[in-house]
Ligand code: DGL
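Just the one chain here, the form predicted alone, laid out as structure tokens.
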Amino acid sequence: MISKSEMIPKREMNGLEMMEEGKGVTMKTAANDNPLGVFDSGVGGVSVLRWIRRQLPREDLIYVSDAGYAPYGNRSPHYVEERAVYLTRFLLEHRVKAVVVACNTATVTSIARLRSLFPVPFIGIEPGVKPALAATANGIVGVLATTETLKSSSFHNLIHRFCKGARVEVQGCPGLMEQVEAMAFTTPKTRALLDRYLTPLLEKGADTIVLGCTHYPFLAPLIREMAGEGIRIIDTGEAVSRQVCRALSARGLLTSREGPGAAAFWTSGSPTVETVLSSLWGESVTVGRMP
């Protein structure tokens, strides 16, 4: 448990001076070239990281895969929250200027606490219900997500805010994240799981499917094949990358460097995740082991 006395002070963070502006806190210009931190329960957040790289090619990135404590989807909110706090502290030790919570479950359970504890900007991710409502032709949207995301008050508030006049059908997907972690994108087991989860949504008339977990975009080709070309697939990674750009720009935190940014990878899990991360990232990476 993190106590108030263990918080990183608002005035100082790992040697970086802070200045307050109204109710917000921003870093001085010297912090512009510090890296952007991104974390997820496993490797799925790389789907978001790739969008961030396209949107912000000059930024240095640090990605943390909490594979040693995954999956989050069937864990208690308290468990996920404590992991999120730990991972954020680790990223702040590496002087990140902002943190992207590239995990739907961690966002809905933990981002409010993270914002209360730490002085950097946080950008979370939530199922893309709003863009799905703009895309649907018949007003019926299906959501594939982890059990914990679907149970959260944040998700229900999201539905309540945006879904007046539309129908949202939800489907928990136990086991699907683990298939992505194992890079089993098209195996018979993955097909069987997707058939079990997609069929009820399609039978209820959903013409738009929201990928409510950052792992699921890596299954998008198979989902499109199984659901049919007429079904719209919503991946919120692109929208998150745009929000990251807006958040950094608004705080004057975009890097001043001209060259391409670097990417560093860390994990709490087995070093074998290096192969998976290299494959998903699209180039060979070296993965550090977290203490």
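Fair warning: this is a prediction, and the values are worked out from it, not measured in the lab. Residue numbers run from 1 along the displayed sequence.
Absent from the display: the form predicted together with this ligand. The rest refers to it.
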Between 84, 177, 132, 219, only one gets a heavy atom within 4.5 angstroms of this ligand in the model of the complex; which residue is that? 177
Between 146, 110, 88, 208, only one gets a heavy atom within 4.5 angstroms of this ligand in the model of the complex; which residue is that? 146
Stretch in contact in the model of the complex with this ligand, which is absent here, among 221-229, 241-249, 256-264, 37-45 (heavy atoms within 4.5 Å): 37-45
Quick one: is residue 73 in contact with this ligand in the model of the complex, heavy atoms, 4.5 Å cut-off? yes
Is residue 215 close enough to touch this ligand in the model of the complex, meaning at least one heavy atom pair within 4.5 Å? yes
Of 84-107, which residues get within 4.5 Å of this ligand in the model of the complex if you count heavy atoms? 103, 104, 105
